[in-house]
Every structure is written in structure tokens, then in C-alpha cells.
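Next up: a single chain in C-alpha cells, the form predicted alone.
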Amino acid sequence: MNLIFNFLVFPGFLFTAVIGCLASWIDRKVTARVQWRVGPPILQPFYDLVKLSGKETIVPRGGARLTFLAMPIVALSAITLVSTLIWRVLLSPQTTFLGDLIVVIYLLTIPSIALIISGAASANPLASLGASREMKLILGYELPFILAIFVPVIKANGIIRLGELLAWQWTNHIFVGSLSGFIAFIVVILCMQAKLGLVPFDAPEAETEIIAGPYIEYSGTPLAIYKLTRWMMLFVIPMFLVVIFMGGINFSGWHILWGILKYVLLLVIIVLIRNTNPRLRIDQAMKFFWGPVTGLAILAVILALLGL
């Protein structure tokens, strides 16, 4: 019963959904201010979800109905599970288990894979094109992302438990404070932007080019679920990086405020990158990730092996 509560309420679905909606509002509000607009009210994401959920769900003719409707739920479930694992470790580091870091890395790829399958199941050429771009983008950023994530593992002498990585940072120093950790942190920020599907790495969606790509045939509740998943990822992925590189959140006194500020810092970086860069073509994104970003990730790994 306790596990069900953790998954559905706190620190799982309900908690993550609420914070994700608030993070989406901050993103939209700051973007509006940058563009000299007022921006939406704080409850606008919740209004959008309710409005979308009340609309008719249309399945495209010729599409794979079951797959088309199931993929949004798969993506939502994966990101909810990641949030549950991360926050259980934050609240109680001893609840960690062997390899939970690897499990989180795996689960973070599922929303992108679900999007690819959704595009293929839509029976729409623009959706298929968006799915193809998403597939290429995954191939581009996953390698440097994984290399950078394992820099803390190397520096902590092979620890692959989230709770023990947190404890190591509390006892010694945060990983981003070292040279290799700082370089790896830059790499994961760039990869995080691609995982979130935000500018400059939003080629799979590219509303001005392929009219939302894999999302083009979605409407009603499935589209609302996909939007909610994206907003939850805006909370979950930065929190994962806070745990891995910045010592997580220590729930004692003023340390709680410092932990929240770490997440806010990453959210600000996301918004700044989104509002100061043009969209890259998919071939440019691939060259960027397989070139300088992977090079930086390899450099970080080498420096970590040298103890720097």
C-alpha cells in the first residue's frame, strides 16, 4: 500500500505533476518577459490540462490504435517512476539499491522512445519525420550523456547507487566542484536540453516546419498526457542532475533552501538557452553532439580517471 501511495501521490505522480506544471509556468512566464509580454497566470498549465482532457480523442485512420493510445501512458509512467526513485533516495538515502543509477538512465530514455513509436503509429508522414528526427537525436546525445553521468561514478570509486553517491558528496565535496565534474556538468546540461526537446534541439517537434511532428495527430486526453509528461520532465531531469552532480537536497534547516536554489539555477539555465538560441537542423545537432560534446565528455572521463 505504501508503494502505491509513493508512486501515485508522493513523491510520485501527483507531487511531480504539480511541481512540473509550476516549472512549466515559470518557463512560460520568463519567456514572455524576455519577449516583452505579460505571460500566463500561474494556473494556466492546469487550465490547459483540464481543457485538453475534455476534448475529443481522435485516432487517425490507418494508425495503430492500441499503440497510438498506449505510448503517452508509457512515457508518463516512466517519468513518474524516475521521480519516485529520485525522491525516495533524497528523503531516505538508505533506500537506494544496487544499480538504481543505471535504472534511472534507462527510464529517462523511455519518453523519447515512446515518442518515436507514437510517430510511427500515427500513419502521418510529418509524424514519421518527427519520429525519425527524435531517433537521430537520441543517437546523438545519449553517448555523451552516459559518459558524463559516469564521471561521478569514477570519482566515487565505482559507486552506482544514488544514495551512496549522495552520501559521498555530503562527506567529501560535490562533483561539480572538481574540474572533471564541472566539464561533465556542462555536457549533461546540453544533453538535458535535448532530452527535454527544447530549443535549440527541438527539431523533432519543429512547429514551424513539421507542425509538431510526432504530436501532430494527438488530441484530447492523450495530448494532455504528453504535455504533462514534458512538464514533469522539466522538473525530474534537472533534479536528477542536482542529485548526481550537486549533492541533492539536504533536508535540514537552511540546506533545504540551498537545495531548491540548485534546481532553480538549472531551470534558469534551461530558459536562457531556450530563449537565446535558434533551432539547429537535425544534422547540425548530430554533428554538435558527436563532435565537441562527446569530446568534452571523453575529456571529463579521462580527467576523472586521473583524479582531477
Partner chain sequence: MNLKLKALKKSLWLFHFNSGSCNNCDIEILDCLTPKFDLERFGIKLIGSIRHADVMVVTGFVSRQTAPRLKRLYQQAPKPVIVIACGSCACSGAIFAPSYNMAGPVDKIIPVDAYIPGCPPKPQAIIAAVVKLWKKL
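Source: prediction; values computed, not measured. Residue numbers count along the first chain shown, from 1.
What comes next is about the form predicted in complex with the partner chain, which does not appear here.
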Interface check vs the partner chain in the predicted bound form: of Ile189, Ile110, Val104, Leu223, the one with a heavy atom inside 4.5 Å is Leu223
As a check of understanding, the residue in Pro278, Gly62, Gly54, Gly253 with any heavy atom within 4.5 Å of the partner chain in the predicted bound form should be identified as Gly54
Note: the partner chain not shown here; in the predicted bound form, the stretch from 278 to 286, 241 to 249, 34 to 42, 258 to 266 having heavy atoms within 4.5 Å of it is 34 to 42
Counting only non-hydrogen atoms and a 4.5 angstroms cut-off, does Ala78 reach the partner chain in the predicted bound form?
no
- Message: Quick check on Ile216: any heavy atom within 4.5 Å of the partner chain in the predicted bound form?
- Response: yes
Look up in the predicted bound form whether Ala212 has a non-hydrogen atom within 4.5 angstroms of the partner chain, and give yes or no. yes
The partner chain contact in the predicted bound form: Lys227, any heavy atom under 4.5 Å: yes
